[in-house]
Structures are given as C-alpha cells and as structure tokens.
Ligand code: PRP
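Only one chain is included here, represented as structure tokens and corresponding to the form predicted on its own.
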C-alpha cells in the first residue's frame, strides 16, 4: 500500500441501488466491510488497503458531490443525471434498475398528446418533462412539480398526463393509466468528476474496468 496515495471517494445513492452496486464492487474485488454493518452510524466507509472510500447520499445529491469533487465517482440512475444536469462524465452503464421515463395518462389523453393539445403535465422531473415537450415535441405546456405519487394528478384533474419512471406499469394499470409515449430508457450509470479523471485517470480507469469485468 502506498501511504502517500489519496483516497478515491465514491458516492452511492441510498437504497436498493446502493446494495446492488456494492455487490458489484465486491464481485470486482473492491470491498469495504464496514459499510455492510447495519448498526453503524458512520457516514464515510473506507478500505485503507485499497485507498477507496464510500459514502451514501440522497439520490439527487450524488451528481452534485461528483461535480464539485467531493466524490471522484458516483453511481446513480440516469434519470437523476439528466434531471440534475450537472457537469460530470458519464462513463459506464451498469445496467442495474432498468426502466423507462415515460409520458403516461388515461387512454383518452392519447389523441390530445398526439395533436399537441395537452395543457398541463405533472411530474417529479420538471427538467426532463420540459426538455421533452419543449425541445423534442415543440409543444408549450405547463409543468407542475410534485414530490409524491404523480399518478394521482390525472385522476383528480390536476393534469392530463404525467412524466414519470415506469418499471412494470402495474401502478399505472391499477389506477386506470397507461404509457402513452416513452421518453428514454434508464439504468444505473457510473459518473466521474472531470478534474478527478485527469488527476487520477489511471486509478479511476482501473476501478471502471474492474466493474466492467464484473458485469
């Protein structure tokens, strides 16, 4: 071990994705035993031998930590990368948590969507929704930001359609909604700090290649 080496810091999104990502890191030989301790109250977990450390953060904060160099690398869903639009390098698709970003609503809204008659869109992803409707469909709509169950919006008349992540579509079907258009496919991606990639390119690329081999 080189005592002079700085730690490579990796930010993980809390929840199921973090568990899947840690499994992948372990498969690639990058272990960190203390992060597996369910009783720990620590915020940063490190492997002194490998000079690698991890921390968990709220999903939407991962690209921020990476952009500002508080983390050299991060693993987060493509939806968060697009929505937060931070200056980071997207270097690897891990293929975890595959799903789609979609426009959904009642079947009756399909014609209005097709003919540009949608007036209001509810979503947790205002940047993605605005980019899709304004830039790709060239339609002006009112975007309503929600933090809870967006499926409720068309049911109670807040909006005609929603923009949201769809994995199986079961929640939509249970509420009389369906996918009307698919915006883009999503999955977990590895992102890297731009400056860090230049300073520690050899070590970061080694980590990336180890993850590739583990996939």
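It should be emphasised that the depicted structure is a prediction, and the values quoted were computed from it without experimental measurement. Numbering follows the first chain given and starts at 1.
Just so you know, the form predicted in complex with this ligand exists too; it's not on screen, but the next bit is about it.
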property: In the model of the complex, the one of 70, 165, 158, 32 near this ligand [non-hydrogen atom within 4.5 angstroms]; result: 165
property: Partner-contacting position among 46, 28, 171, 60 - heavy atom within 4.5 Å of this ligand in the model of the complex; result: 171
property: Contact check for 16, 124 and 149 against this ligand in the model of the complex, heavy atom at 4.5 Å; result: yes
property: Stretch from 60-68, 33-41, 185-193, 149-157 whose residues place a heavy atom within 4.5 Å of this ligand in the model of the complex; result: 149-157
